[in-house]
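A single chain comes next, written as structure tokens; it is the form predicted alone.
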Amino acid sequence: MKYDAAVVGAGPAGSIAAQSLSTRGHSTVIIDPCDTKKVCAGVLTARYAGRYPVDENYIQRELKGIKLSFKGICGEISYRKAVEYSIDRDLFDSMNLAQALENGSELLKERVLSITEEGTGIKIQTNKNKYLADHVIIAAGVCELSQLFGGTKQYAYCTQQVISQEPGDHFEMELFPGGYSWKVPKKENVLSGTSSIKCYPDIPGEKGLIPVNGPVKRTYSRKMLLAGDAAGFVSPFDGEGIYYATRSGEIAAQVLSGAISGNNDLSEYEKCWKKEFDFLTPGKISRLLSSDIVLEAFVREIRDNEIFNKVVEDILTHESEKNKTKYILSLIKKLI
């Protein structure tokens, strides 16, 4: 059998893309071994909650704000209107995948080894079999496969573990040059993690990679699209990833459906997401994360300056991406 579309990866980007394609009547297969856990803080941000329905089954705790710290200085942002959620990430992914399957997608619990163009279609070789598809969406996160096909090659090393600690109601982030640590309150304990651009932090726990420095140079080819982490869609400013994965999966499905119908080509994908997503450029964000002076001033202003505090809150919780980069850069310039 030859599928209209094969989606590599069963995370938010892959499941949403497959669900959308199947709903549009396209034969769709999701290929993922489903044997690994995602290293992720597991937070649905205000931007996500403002756009998508949230299911109480995977909610662990409602978050009322964020606490940022640097060298013992702590600034707290309590949300005035927005709300965020700490979730069970495994259950969140399982429910999204189940929805895709209910809408007609097929699931193959196999590991993709290679993807090659073959005639007018694409051959997908897994550890068990060979499959053919007209198009492919790579949504498998930071992995060797996505890197071979133009995916992000710049990433941070992350380690996380569950710790026995009374959960609060704020997401906590401790900044340090080149990375950060986080604590996310869950239902009965706390998920603690650390991210570094140098190497895996020397702490026990699950290990994984997250993209840094924003989107890759090109997120499409003649027959393939990159979505979610595979495309580098993670905000280096606030660590937002699930929203970008979900939305990029939707956009990828919309554009791919148009391509199958002959209404557009896949280059439309890049035009669409660039209209919505607004990321800091790699040089600017790396300077921000490597400067003790900027980091200390940033946290101190959040703590001491009410106006500054509210501006940062608006950036973190605003639904729209419009002017996000402009606001962030203007704040950094004031601190320097």
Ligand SMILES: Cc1cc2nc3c(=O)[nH]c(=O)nc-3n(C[C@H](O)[C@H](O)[C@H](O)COP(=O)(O)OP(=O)(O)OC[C@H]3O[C@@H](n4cnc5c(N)ncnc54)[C@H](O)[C@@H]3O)c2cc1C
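Everything numeric here is computed off the predicted structure, so don't read it as measured data. Numbering starts at 1 and runs along the sequence shown.
One more form of this protein should be noted, the form predicted in complex with this ligand, which is absent from this view; the next part is about it.
From the list 52-60, 32-40, 307-315, 269-277, the contact stretch for this ligand in the predicted bound form under a 4.5 Å heavy atom rule is 32-40. Although the partner is absent here, V8 sits close enough that one of its heavy atoms falls within 4.5 Å of this ligand in the predicted bound form. Mapping the unseen interface onto this chain, K223 falls outside it, with no heavy atom inside 4.5 Å of this ligand in the predicted bound form. Interface residue remark: H170 is not counted as part of the site for this ligand in the predicted bound form, having no heavy atom within 4.5 Å.
In the predicted bound form, this ligand lies farther than 4.5 Å from every heavy atom of G214.
Residue-level contacts in the predicted bound form: of L175, A82, I210, L107, one residue has a heavy atom within 4.5 Å of this ligand, and it is I210. Heavy atoms closer than or equal to 4.5 Å to this ligand in the predicted bound form belong, across 186-203, to no residue whatsoever.
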